[in-house]
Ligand code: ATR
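Consider the single chain below, provided in structure tokens and representing the form predicted on its own.
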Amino acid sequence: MPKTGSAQINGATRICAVYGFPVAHSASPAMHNAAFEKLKLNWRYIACEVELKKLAEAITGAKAMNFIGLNLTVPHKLLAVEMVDQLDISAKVWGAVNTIKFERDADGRIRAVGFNTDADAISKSLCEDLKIELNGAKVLLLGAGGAGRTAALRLASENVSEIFLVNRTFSKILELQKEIQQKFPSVYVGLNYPTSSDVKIDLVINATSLGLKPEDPSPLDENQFSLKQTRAVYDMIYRPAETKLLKAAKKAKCKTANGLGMLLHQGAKAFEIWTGKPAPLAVMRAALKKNIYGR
């Protein structure tokens, strides 16, 4: 079989894709195509810009075209829960779908199975990149969309002591608060920023899309919360590699990390779901660093 890095796409080439809106910033194609080449698979991974209202149609189209699977990014992870044929336990537990595998059932029909690989990825990245001890930690989480909701539930499962939820739409954090309190009653869930400037937070996480564009404001309202109140800041955005939030956090002498580690680990798990083979983690990490940092 020809090497995927140099051979032209042919009739035997299998396709995986990431759907998002926007999606031009995605480094997932670089990561996965490097992994496919390493394993000598005649597969390709592409990025497709898909509007939210066309997501169901796009998933059906990928199924019809015999795609291997999909990744989903902003803003598709929550809505996709209702669009797949079956949910893996990971998607049921964390309530969002970021990975889809197309597989044939006993009758030969193709079904879309939804997985969540984000939850494990965020906890791995926080431990590796920031050396954060999640047990007993106090967290300020910005964003309650698909990635934010998954992160909140995962952090609660790791026995953080307090989570403060901030989101543009208040009803979302109210709903998420109720879910966390029901599943993890020992975790205190605050709505909005801590009310006292004396409150110290171990970790601030940005799970919003604010920071993808140069003109975006910071997702953190520093009139309500000072970065001097925290010791670490994690931004799920990885391109640009240093967002306005991370620049401000460095200036405030916080430990910082972007979302490269989370992208790596969620992608590696998706790769294993699709291929049934161990992910070449070192190859995938190197491809991401080259794509994002140019080295």
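The first residue of the sequence shown is number 1, and the count goes up from there. Fair warning: this is a prediction, and the values are worked out from it, not measured in the lab.
In what follows, reference is made to the form predicted in complex with the named molecule, a form of this protein that is not presented.
When the named molecule is considered in the predicted bound form, only one residue from V160, V204, A147, I122 comes within 4.5 Å through any heavy atom, namely A147. Interface residue among I132, I180, V113, L210, judged by heavy atoms within 4.5 Å of the named molecule in the predicted bound form: L210. Only one segment in the set 132-140, 103-111, 167-175, 196-204 has residues whose heavy atoms sit within 4.5 Å of the named molecule in the predicted bound form; it is 167-175. Among heavy atoms of V74, some come within 4.5 Å of the named molecule in the predicted bound form.
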